[in-house]
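Given next, in structure tokens, is a single chain: the form predicted alone.
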């Protein structure tokens, strides 16, 4: 690599102030924000609300109604009506170009109100602006990709074939009908787009269940969908806690397909619930990403590159690096450079210039991360940077210092996903040992090899038990290539961002046609 180590920096904040339009949306005339069902804002019959807060300051942003079983049922029925219409003009019957035109209008409105969506990501989601800008860009990128896919993959009758004397058969591809996306708090806009656009363009009506920590972007996008002209009931948003609203969605037999992103425990519970009534479910359930650093790599350059990825959204990224296996010949230099990178991160409020490590999303995550830091030491990890709580003057948020640990091959001190700027570094004797250790994890979302010998790197990358395998890069995503997990990290289907994602939101049936018996 020809880049100077000092040029490699973590994602960084610019100064940010919320626009008046965002504040007005959050205030909602003094009333809590309702769910969006059938094109209307509705309060919850449970008479329960929750607060959406800025994790970097703990300041109130908005009050939101929580949706219960009655609202889920109402949303499913509204979506079913929108899907079927009166038998000829439902969403399933819209020509693909009409669906595309509405999606394009929605994208234009998102561009118009980009500053509001940035406020959702920065203030509601706690992101630094450099990352939030890229996330909002994904709305257009995702929509344009799946518009192209929708034109390439026809629904309806497939090619026919003769299967027996007087019998022919063909496939028939159609949308599921009502599909739900259960969206996590770490990338709310990106993952809403990744769910919504392929699902809508393939002819489904959608229920979006945003995380209770970050409900604002989904509610605002639904508002823009109404302005764009989507028929009522095509786009519905059901804010609430996963154990209530999410569970009611999983239990409803009218939901034909669910796309879930979250933890393995919650995902497996939802899967068991869905199995009771035959709802299909695709899932991405976290990761504990690994990086193998070979002996020919420049330890100072690669240490900073890996540090940048480990700290992406403060480590609150499913596919990022938390386990590093570095050749023992360069291990000491690598560890010194990694320590320098993480010790130099500017901890601060995400809306202030220069911040690189902001607050984690909530108090539960804060305590979970601090407990993981203690457990790593108890399991034998040797602190390089010990972590612990951090304070940011003038801001009452959930701030934690970065944590790095040195370990050895026989010590498994980092078995679970820890959503923070957290990593273990293990010196190894050779690449075979590194690969075996990298594949020891039950997760399998993302892994990378770092080496000047790209051919050797590709050969090693192909042996990862991960859905995304990379050489001299990480956290890589491109439309047209699948992003999904192996092991407990995901399945089934093709993950997201590829043509197979579009077909995941459709079902295929075989139709056989024989001549009527007795006819000449």
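Since the model is a prediction, treat every value here as computed from it, not as a measurement. Numbering follows the first chain given and starts at 1.
From this point on, the text means the form predicted together with a small molecule, which you will not see here.
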Check: So, in the model of the complex, is residue 186 in contact with the small molecule at a 4.5 angstroms heavy atom limit?
Finding: yes
Note to self: Although the partner isn't part of this model, could you tell me whether residue 287 comes within 4.5 Å of the small molecule in the model of the complex, counting any heavy atom of the residue?
What the structure shows: yes
Margin query: residue 445 versus the small molecule, in the model of the complex: is there a non-hydrogen atom within 4.5 Å?
Written below: yes
Check: Though only this chain appears here, would residue 175 touch the small molecule in the model of the complex if you measure heavy atom gaps against 4.5 Å?
Finding: no
Check: the small molecule in the model of the complex: within 4.5 Å of a heavy atom of each of 262, 270 and 318?
Finding: yes
Next item on the list: From the candidate stretches 186-194, 125-133, 292-300, 329-337, select the single one in contact with the small molecule in the model of the complex, where contact means a heavy atom within 4.5 Å.
Entry: 186-194
Check: Which one of 309, 145, 419, 405 is close to the small molecule in the model of the complex, taking close to mean a heavy atom within 4.5 Å?
Finding: 419
Item checked: Residue among 346, 401, 241, 81 with a heavy atom within 4.5 Å of the small molecule in the model of the complex -> 241
